[in-house]
Ligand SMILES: Nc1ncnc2c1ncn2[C@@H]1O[C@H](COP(=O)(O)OP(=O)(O)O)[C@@H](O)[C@H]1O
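Below sits a lone chain in structure tokens, taken as the form predicted on its own.
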Amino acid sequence: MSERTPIVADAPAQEIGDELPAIDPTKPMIASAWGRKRSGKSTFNRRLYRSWPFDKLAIDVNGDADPGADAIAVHQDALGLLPSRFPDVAPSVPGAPRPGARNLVYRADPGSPTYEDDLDRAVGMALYPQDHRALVWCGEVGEFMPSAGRTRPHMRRLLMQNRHYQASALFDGPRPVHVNKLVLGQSDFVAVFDLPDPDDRERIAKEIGYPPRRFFEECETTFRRGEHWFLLWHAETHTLYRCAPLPPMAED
């Protein structure tokens, strides 16, 4: 990213150009990205997803995931069921990418009467076997929990115990106020693109523990910079970064 501004709660914003915190794929993590349509949230997660060196699964609910040309489609069996675990898991060297790490994609059918169960079963593929390192990309996270009080079993386990399952996750959506608070509460990284609704901004500020009034100001300052500017919260260091638009991705 070409420009980075660390913003901490007890200091004014400074243009010092520090590197953004590195993501260690050997450690389970969760990242969530929020913003209106075409604001940049899917591009943010797509970059993380495509660079992931271990097994990974994109759950595509609207055809926009674009997980890469090497993605292999996962299909339901004759009974309409997805695999209950990541298929064909082979032993791996701890801390190193497994040779031939696989990139899988499940394209869900929103018109299916078992749609919600299908999505949750797909999430379960990233959890099992429990000692298998994998990344799951749940784009349009609101589809996985149409009501915050109805988070299904595998998604609930992913949100509460991902580290115990060697599972990392990417979430994105337009409205954080409509999903389970744990999506934000458990995110190691929170990317905030153009997010106009005050309720959504307040939800993020409260869940990451950032002063809401200050967060509103940082949103206004950032979004006025231009299209695709965004804020990035790093939970481990309690630091907010102002980020310039991501450069174009190389073609497959």
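Each residue number is its position in the shown sequence, starting from 1. In this text, all values refer to a predicted model and were calculated from it rather than measured experimentally.
Just so you know, the form predicted in complex with the named molecule exists too; it's not on screen, but the next bit is about it.
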item: Residues Pro25, Ile30 and Ser168 all lining the named molecule in the predicted complex, heavy atom within 4.5 Å; value: no
item: Stretch in contact, per heavy atom within 4.5 angstroms of the named molecule in the predicted complex, of 183-191, 39-47, 196-204, 217-225; value: 39-47
item: Residues within stretch 214-247 having a non-hydrogen atom within 4.5 Å of the named molecule in the predicted complex; value: His228, Pro245, Leu246
